[in-house]
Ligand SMILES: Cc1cc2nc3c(=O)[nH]c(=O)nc-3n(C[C@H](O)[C@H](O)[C@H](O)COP(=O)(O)OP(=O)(O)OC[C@H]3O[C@@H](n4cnc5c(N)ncnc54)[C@H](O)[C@@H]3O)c2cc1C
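Take a look at this single chain in structure tokens; it is the form predicted alone.
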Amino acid sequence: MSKHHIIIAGGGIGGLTTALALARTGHRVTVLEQSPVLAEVGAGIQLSPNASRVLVDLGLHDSLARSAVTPREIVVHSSRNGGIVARTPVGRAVEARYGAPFWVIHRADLLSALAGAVAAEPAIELVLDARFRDASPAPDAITVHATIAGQPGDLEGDGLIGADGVRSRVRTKLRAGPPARYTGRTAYRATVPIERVPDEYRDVTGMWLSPRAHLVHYPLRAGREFNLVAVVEDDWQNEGWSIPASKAEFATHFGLTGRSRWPEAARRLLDLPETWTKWALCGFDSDFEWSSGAVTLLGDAAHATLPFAAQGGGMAIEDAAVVARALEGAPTVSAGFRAYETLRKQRTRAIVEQAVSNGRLYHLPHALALFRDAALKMGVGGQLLDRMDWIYRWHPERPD
């Protein structure tokens, strides 16, 4: 007999990882996903050891390893002089140090692996075309009101987890949480066949730092594709997801026309895609109570972050492991949710603040970038693993 019936709003990476973690600890889970087809927007995601070890522990190593890539190193370039200012090995060095891989993977491949594991788990029901509308909570029970395939319906459960993203309806309806706001930054994303990419970039994670913008790139899909993410400070107010952007629009907006601040090597990479997709990067202040009674929040619904620490997906995956462990040792669902929030609040806030700090450093004007680049060349960049150690060494058994 299952311990509890937990309903999860949101069938993305965080929601499905949570469903697996809960099912493996004896709970029955219903996942409500508003899309009629399970799909992930975006392209690449970086899975550092703090996240990959959770997925490996859930039995996903083989299915993920078929499409994930382990970059040989991280290489940081500066547009100030076009040169390399830092490089650090990852690959085997990371796995030897932390006991878990550093992977880059297409979000669709990660979601597919999670969905396959969910489909094989009898304790999980995944309901597509199911939109969360509201809920009627009690201290240790909840009635979730949803629209399923266009028809209203109620689901009875012992707890509700809102894993429904930065624009979470669970957060704003049930936790009086703040709405998502545009952060003044826009991300442009694209993938191209790896054959079009110069050899020196095909097996590394690369980063190019420039005033008010930066570029990140790495291989995907067992090395067959190449992912580019270009982030620029912007006043775009659409706040939409996955909006097509033409090559000409991107070039104009990203400073590639006329006298460009980008060195020639970066310009060649940015010129590879024929089309881009743009995202408004949104966020909110997470200093509110995620949990109350039978309701809590997880992932971007609780603590959305800018992508400057590559930990948005990682934090949701960590959350999944911690909420499962918290419920396992709690007398009630509400007590488990409170314990989970207590365990996660300080760490997630620290990572969000790290991302904000990184963003300022990445986008420095050239006059100040001189000092940043000098510090990186003097060895700070080579100590990347030391500086990221507090993130990478995290284990669900000791969620410090």
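Note that residue numbering follows the sequence shown and begins at 1. Note that the structure is a prediction, hence the values are computed from the model and not measured.
Omitted here: the form predicted in complex with this ligand. The next part is about that form.
inquiry  = Within 4.5 angstroms, counting heavy atoms, which one of the listed stretches 136-144, 286-294, 67-75, 309-317 is next to this ligand in the predicted bound form?
reply    = Looking at the other structure, the answer is 309-317.
ask   = Taking 90, 94 and 206 as a possible spot, do all three reach this ligand in the predicted bound form with a heavy atom inside 4.5 Å?
value = No residue of the spot touches this ligand in the predicted bound form.
ask   = Looking in the predicted bound form, any heavy atom of residue 46 within 4.5 Å of this ligand?
value = Judged by the heavy-atom cut-off of 4.5 Å, residue 46 is in contact with this ligand in the predicted bound form.
ask   = Any of the heavy atoms of residue 189 lying within 4.5 Å of this ligand in the predicted bound form?
value = Yes, residue 189 lies within 4.5 Å of this ligand in the predicted bound form.
query = How about residue 107: is it within 4.5 Å of this ligand in the predicted bound form, going by heavy atoms?
reply = Yes.
ask   = Though only this chain appears here, would residue 161 touch this ligand in the predicted bound form if you measure heavy atom gaps against 4.5 Å?
value = Contact check for residue 161: no, nothing within 4.5 Å of this ligand in the predicted bound form.
query = Out of 131, 325, 224, 253, which one falls within 4.5 Å of this ligand in the predicted bound form, going by heavy atoms?
reply = Here the answer is residue option 131.
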